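Quick setup: the structure tokens below cover two forms of a single protein chain, split into structure 1 and structure 2.
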Structure 1
Amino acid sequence: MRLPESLSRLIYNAIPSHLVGEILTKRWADNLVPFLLLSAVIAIFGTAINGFFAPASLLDTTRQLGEFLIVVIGLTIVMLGGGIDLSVGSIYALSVFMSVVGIYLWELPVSLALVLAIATGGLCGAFNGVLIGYLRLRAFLTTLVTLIMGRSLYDILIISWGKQLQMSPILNDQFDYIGTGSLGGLPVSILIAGAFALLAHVLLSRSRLGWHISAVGGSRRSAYNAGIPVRRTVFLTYVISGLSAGIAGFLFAARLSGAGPGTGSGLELAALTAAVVGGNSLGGGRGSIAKGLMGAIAVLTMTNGLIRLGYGTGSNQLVLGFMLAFAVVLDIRWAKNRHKVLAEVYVAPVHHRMSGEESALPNGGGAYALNDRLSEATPIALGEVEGPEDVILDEDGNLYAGTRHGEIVRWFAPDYKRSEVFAHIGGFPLGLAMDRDGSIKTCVGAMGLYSIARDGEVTRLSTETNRSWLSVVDDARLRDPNDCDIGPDGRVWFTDSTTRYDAHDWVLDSIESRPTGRLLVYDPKTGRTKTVHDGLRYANGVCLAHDGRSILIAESWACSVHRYWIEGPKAGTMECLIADMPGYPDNINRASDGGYWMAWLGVRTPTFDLSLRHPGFRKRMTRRLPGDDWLFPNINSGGVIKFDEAGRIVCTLGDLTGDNHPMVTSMREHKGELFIGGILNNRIGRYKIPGANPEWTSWKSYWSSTTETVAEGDPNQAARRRESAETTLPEGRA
């Protein structure tokens, strides 16, 4: 390799630039902006204020934070549900009043005073909730009005009771302890706030109600149509907000043990600013407790900081107003343009140098030279089937194939004119395998591994595998399950082609050429799936070797076939069987002569091979050109290849006309015939194999006790051949 190419390889392969895009897809990535803002605020005020970080100072700041945080959390929940609550200031004030009255006039114990405060808050919240949730009033104006009502009510109450309250001789040590005491070095109020935040977080992220709130905030109409009780959910968000204000008011009362005319006024603006600065979206759907927490700390640090620095009236409002405008604009622009930014940075191609000089050109003389034999195939279900990625046959000769419509269709033997929907799954069924009991195991695109019993009943087997700690994207999710096969012990081996793209974005995965495909195994005994091998460039077809001791795996974008040992001395290791083919392999299935059929979805082109060595070029291409103009693997001429146990190419079948089977994704031998599927095709091909065993069926080869096809299966011999193959591993393979 010349130096510039080596350099580019180093830059594109060693720097994990794909992580930027992966982080941006995370919901928590939203927190980066408020987090930076928070850090900036703390840094600025921390340096400007002498003794800001002194423990005593922090203790007092956190004491106030406790109350404010609880209010902000309540508001966050309302906002997440698509509403807004401006009345928190008044509810807060009323709860302060009730706590103080409870303690100092009615001489209640602390616990009852707390109940009183919470009940006050909850009642006010319920009032808002009825108006906005059930009567469907506009949240902003309604809570503005209830804000004034609450404030007036509070003023009236404080006038009639204020004097008595202020003269009360009662001393309640417990109450004072909550206000000014500490537990393990932390103020009581921040401990309560912490517990409350945790509870709220669990509620939002782990409970049915929390999901309902997010759903209503995200799309009210959809939530309604999905049967979520929208009105009740909205109602509850205001009740929660009221309860929060109630608890916060109780803590305030304990801290200052008094209620004055101005208590809680202006709190709504500060809380709203905090919630928005933290990154909670206006109008709902996007937000979290963590965001509220960050916003609360930032706003409180700032407002306190300005007072502590001795800035006069107005500075606070100046900065708050600016922060609110800035945060809202940022929030709205970000929500609007996030997907554009993501599209800009997500595709992160790597350098990949393909080798192998062999050609698939017809009459080229090599082992891979394609011919025109597939054009002789007779079509089944021509124009009736869409996208039979994989095909399989049962012992009665009935034909099954998945379709783009999310169904598995059965065509009846012998002429395959008659068909029925065998099972409706919902996702696009790709690879198929037939189990010992005749049930069909299938990989459903973007869904997972499913089993369809003989009576058509669909069972979900697995939708997730183990999560690896260092992966940014959630690799527990089965993003692109592609093909499966079943071991003699009943374990299902299957591939997940990529962790970075959904199935329909396979073109982007090919352009990126990043090895993220995996081989997984599902164990029916435990019901669990685990990842056994990763780092494959689009892991595709899998096939259990005839002896049942190893698995063959097609690695599409590397144009290779590998063997993974499931037992024997090499168990758990992978070795390369065929490297650097001129075509992109798809599914692999057993042949009656002890070899294997392999589908080629397309053949390599020198232009794309060249572009793989220029990651920068591919990156620019995806950014600047529309998808139609991209260079990606040729899928216009594929074919079927047969190879033996040692990886030698035995024969090829192609369709040079391009009419019948330009792209082949699977094939299945059954009683001397080959049934051919293609994910973009409108038919299933039926090809008579010259000289094939007319009694052989795939199911028998797997499950009947007779082992007639192990002639070539001498493992020792195969192993020796493989060792020689390993020396020709393509570069960069892990």
Structure 2
Amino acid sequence: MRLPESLSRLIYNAIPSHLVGEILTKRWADNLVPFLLLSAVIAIFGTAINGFFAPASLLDTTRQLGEFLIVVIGLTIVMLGGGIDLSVGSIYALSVFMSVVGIYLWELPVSLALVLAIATGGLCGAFNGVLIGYLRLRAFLTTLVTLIMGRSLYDILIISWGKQLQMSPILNDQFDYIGTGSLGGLPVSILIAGAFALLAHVLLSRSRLGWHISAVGGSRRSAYNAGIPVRRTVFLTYVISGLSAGIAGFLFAARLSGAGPGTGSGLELAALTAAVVGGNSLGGGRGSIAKGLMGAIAVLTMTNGLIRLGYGTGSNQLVLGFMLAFAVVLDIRWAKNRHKVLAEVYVAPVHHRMSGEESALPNGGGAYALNDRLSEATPIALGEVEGPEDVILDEDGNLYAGTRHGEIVRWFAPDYKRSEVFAHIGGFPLGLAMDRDGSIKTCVGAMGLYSIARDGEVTRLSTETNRSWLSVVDDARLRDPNDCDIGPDGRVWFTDSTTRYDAHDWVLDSIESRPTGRLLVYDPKTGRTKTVHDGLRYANGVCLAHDGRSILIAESWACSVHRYWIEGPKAGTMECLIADMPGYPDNINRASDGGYWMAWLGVRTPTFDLSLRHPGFRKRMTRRLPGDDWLFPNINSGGVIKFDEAGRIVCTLGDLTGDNHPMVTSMREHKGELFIGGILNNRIGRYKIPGANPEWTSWKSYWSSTTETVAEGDPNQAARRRESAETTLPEGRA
């Protein structure tokens, strides 16, 4: 007995097993560990230290954070490019020295002192960049050498000029304001750091240079083969790091109004720890400014907290070392094993009990018993077409079908021996629908909804709908748009089979058997797509009823057909029309006698039905066996089913030998003949329907009937029909 739809959905929503895999696939999932670490550090030291969250304490900490964060951002950019910069501490110290010399000895304006500090950092960064980017020296050893050289130069300068700096009588209120002043309750330094972080984020995520940096860090050889100037990109990362250290050094000099022998000492270790603890990869190509920010706050909080608890410099360095070692191990192990973890947890099957006793076997004796009539179908384009998933005909009788090569091919009536590529789309065209103006609307797998004009021009209509507020899965993107039909008001109704998998991973969706499919509608007047109904187990074929008042939807893995009411007293509701069929339904299309044709892509088997009741078995199967040994739904034998408006089965067509049409995904009636498509077929079938109307064409007859239905009422009926249908759509699902 089938569970009620409401109870099934409640069970589905209560099982979060699939959320683990979904979360781990997201880029923001890498931020969870540093975020938890940051939260733990703040909680521990906030509890252990009295007045930790006092305004005065936070004000002083945020001033230090502004300087430290800028250095971490510069180092993060270097790491994203696949490098490392151990010289940031010495560059920082030199920039501090040049800032105080410019202000207190040379009496320069604040702006020139800032330029002097930035120039110092930029020149040091350029020196590293030339050696590492253009001369291709090892980044670790090179920056270690420049660290020693820079620190030695700073020690020499501070000894030579230290006394003069201490004795300088010069005061500069602007310089002091930058170091100790506030604006809107926030230190000037943290505001500058915030602006710098925002600029760096835009640089990395929205600019060509940022994309180049990530590409070079991910794989220098691939970046070079793609035409990216690798050496120049590496050079620029070190320049940016030097400039960052220069700005941070200027802010430090403004805060303390001086420089000492220990300035910048150990900064490289703290900054590197912050960048790595935040989740930025040492291997390059993976990271963000947000991760650097979290790492900077965690490290600075921990360092200041240990000092306030009475621990010395040695303890600080020891803890930083442990944090860095832990972060490095975690980064390396996660980067190496992430795909294995995802393979273990992503596929999460659910319980699904199938019902129904009727058989599709020829000797089954039921209404679904298949015969061998499809073996009589005449082949069109035998061996010349690959994967005609759906077929359609225009007003002149020309035949169209999509192919797995990303094209829509047209065969010319009446013999369909001549053909041409009508349009090249690039993705796999699945469902097809002929519009009133002769254009073709098509669902393109993993791409969206497209329109092809009479001259073959391709136009993108829709690639997304609004994301659900509480969905971990990004269901805004159309992952597997499958079939479509067009209403009398011009709206395009189409299915998105699953929100968890792309079209080529349909097998994983069948093994999970989760209700993640949905019905959507695209309105050409607004250009917006709305989610009308979800919770379907692989939403597949879609077909408007002959009167245009409801729409039929095939739910493949549930072996059912549903009717969604567009208007009338049941508007906005879904009801099951056919349940527990012995086959997996695919596309549905109208028939000349008022009934409907439905494709079966395969027939159920007792073994797979049994496995659906045991999700643990299917879960172990996907983890322990290679894909070739998995238990799949049977898609090797299908057929065509015809049913009437009430869901009663009228006739069946099959190919028992499996030579011509073992798997059927679509069929279209036209002038007494049935044209048959299959996603794995190398032909299009042409079957003569006994007793069918030889003048009936699917698209023209449909447009005529729906137009007449509207014309029988008052002139405003069409507008009211559209308005009534729109009010039945769920709010906020545009």
Partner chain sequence: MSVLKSGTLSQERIVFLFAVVLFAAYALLLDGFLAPNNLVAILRSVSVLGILAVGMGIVVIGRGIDLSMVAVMAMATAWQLAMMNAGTPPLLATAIVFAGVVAVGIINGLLIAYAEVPAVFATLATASFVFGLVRSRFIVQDAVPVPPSASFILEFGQARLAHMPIEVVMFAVAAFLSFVALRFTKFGRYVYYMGDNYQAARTMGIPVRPMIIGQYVVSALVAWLAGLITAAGLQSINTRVVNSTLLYDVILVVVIGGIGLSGGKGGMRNVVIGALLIGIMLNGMTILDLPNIYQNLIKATILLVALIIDSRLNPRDEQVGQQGDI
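Each form is matched to the other, and the largest set of C-alpha atoms that superpose within 1.5 Å is called the rigid core. One-based numbering along structure 1's sequence throughout. Being a predicted model, the structure only gives us computed values, none of them experimental.
The second of the two standalone chains is derived from the form predicted alone. A displacement of 2 angstroms or greater separates the C-alpha positions of T120 between the two structures, with the rigid core held in common. Core-aligned CA deviation for G246 between the two structures: 2 Å or greater. Once both forms are fitted on their rigid core, the CA atom of G51 lies 2 Å or more apart between the two structures. CA movement of A197 between the two structures equals 2.3 Å, with the two forms superposed on the rigid core.
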